[in-house]
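This document opens with one chain alone, in structure tokens, the form predicted alone.
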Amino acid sequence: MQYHLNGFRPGDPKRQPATQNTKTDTDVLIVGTGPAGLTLAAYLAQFSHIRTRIVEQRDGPLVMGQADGIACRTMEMFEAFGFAHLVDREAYHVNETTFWNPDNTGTITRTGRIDDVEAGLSEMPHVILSQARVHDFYLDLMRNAPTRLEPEYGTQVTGLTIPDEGPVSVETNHGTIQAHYVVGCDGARSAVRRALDIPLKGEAENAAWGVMDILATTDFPDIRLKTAIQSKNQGSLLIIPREGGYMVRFYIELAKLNPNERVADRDLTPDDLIAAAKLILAPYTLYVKDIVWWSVYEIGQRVTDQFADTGPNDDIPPRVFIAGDACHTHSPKAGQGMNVSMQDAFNLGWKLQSVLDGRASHDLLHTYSAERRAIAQELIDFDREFARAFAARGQDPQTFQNHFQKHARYTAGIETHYKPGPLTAADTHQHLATGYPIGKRFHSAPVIRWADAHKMQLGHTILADGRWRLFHFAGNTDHTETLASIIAQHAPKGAEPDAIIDLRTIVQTPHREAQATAAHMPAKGQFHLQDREKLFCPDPGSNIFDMRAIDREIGALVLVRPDQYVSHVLPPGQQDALVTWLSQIVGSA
């Protein structure tokens, strides 16, 4: 973490100096303080020239969250926001998954035990933590941001008007709010989505499930491991241990629903959930001492056709967007809802910021619906297959376990792959860095920072600050000076040279032999202090050039979007191609 650039500043460095925004109009109005809404708000709150407001119909912050699973990819994003370590400290770490199936007598027995996350998939773990605590971290981030952004609770959206010209008008119970852009992050019953007349489309599986967080005593041995149980005749059960060492979540298969029947028609109670869980766990005992939270739900998968008021192929750029559960819903067992929702917002945030900064055309906003709608459809298809496999009767235990392992990368959140388009180049030069697939997230690896010999993860230099990253993996020819010149040309007048694109160089030389001349270290701030944290060397125990298959002779340029996805891979010597690509994204040099 870098600070003191413009002079010594005492106190908590995370609390940035407050700035006063004299704007009377709202740039971005966010509706809803769920995971998507708070991700977007926390991102935009750090830009003092953007006036952001966030409204919520509830009277205050969330206390009891329903979502709890945090994927590896989401933890990578939390690192960019600066609070992954706080989540890591409080959360339950999902290290292994066990599988239980009936033996030839019908008694459940453990049939498998696997690592939950594939080795080398991410430097971050898969963890479990209450959604409400994730909200707390975002709210703290917003309070410490220059804008000191706070949600406006008790505010309900009742209508929305999109004029041909001028700001969008949003009617609330406290009056009208006019905003240049509106983002509906207000859940499956989204008022913003209804105002846009964009329906959720899909189907239900006619299956009822129960979920409960409990404090209990049991002789079941795997109660503190993520466990999938399929009984012979009593249904299925998924055990998710919770943070704190004692609480545990059960997802319990209850019953098939008749056509046109709703789960509410069954009038199920907590006692029904407990009874079903006991039958599935038998002959092991279960004594529930306290029910912290419980609910019943129907399996179903639904998604909207578009995520904005105009489609990706329309001539008119969008001004109203929906994100998270407002545009895709599914079963909770795979733990993807909160994670995918936050990635929606991360995708949209930097695009709104780029347009409001005047650095990008309004057409950039079309890419949000184009990119995230495709990802949501993949989620729907995955969830449908996952739910059916979990409830399947009489399948071979190994088949069920193989299904979990097959989809482990997806549930870790790292399988998102944006197709070639305005922000994702063709794979012409992919061979130079095959470990950084274009369109996928930047896969971190260990390095040593040259200036202070600090061992760290290279991916942790990608902060949620709106900047692009250009990682220069040096080959046998030095291109540092030319690259630094190109990067500086894209910085606005009067701004820091790395204000738009952050150039980092990774050399092949051991850190005790590397020279400062191997990297550009720009002078920054009012005192023109040299930024000496731009040069990195391989960690001898885990050489990044080998781990990510970087061409050692030619080297590689890996251009990374502000949301941590690889946009392009180029040879370091092809500066003209780099300039052309950058110019169509962040403006002309």
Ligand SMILES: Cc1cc2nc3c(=O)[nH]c(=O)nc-3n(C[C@H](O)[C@H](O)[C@H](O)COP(=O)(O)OP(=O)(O)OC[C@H]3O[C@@H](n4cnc5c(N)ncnc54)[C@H](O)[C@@H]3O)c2cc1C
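Just so you know, these numbers come straight off a predicted model, no measurement behind them. Quick note: we count residues from 1 along the sequence shown, nothing fancier.
We do not show the form predicted together with this ligand, though everything after this point is about it.
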{"item": "One stretch from 554 to 562, 522 to 530, 539 to 547, 64 to 72 that, in the predicted complex, holds residues within 4.5 Å of this ligand by heavy atom", "value": "64 to 72"}
{"item": "Heavy atom of Q57 within 4.5 Å of this ligand in the predicted complex", "value": "yes"}
{"item": "Distance check, L281 to this ligand in the predicted complex, heavy atom within 4.5 Å", "value": "no"}
{"item": "Interface membership of L129, this ligand in the predicted complex, 4.5 Å heavy atom rule", "value": "no"}
{"item": "Contact flag, A277 vs this ligand in the predicted complex, heavy atom cut 4.5 Å", "value": "no"}
{"item": "Residue (of V157, I500, I252, V447) lying close to this ligand in the predicted complex, criterion heavy atoms within 4.5 Å", "value": "V157"}
{"item": "Residue among G300, G235, G187, P312 with a heavy atom within 4.5 Å of this ligand in the predicted complex", "value": "G187"}
{"item": "Residues in 16 to 40 with any heavy atom within 4.5 Å of this ligand in the predicted complex", "value": "V31, G32, T33, G34, P35, A36, G37"}
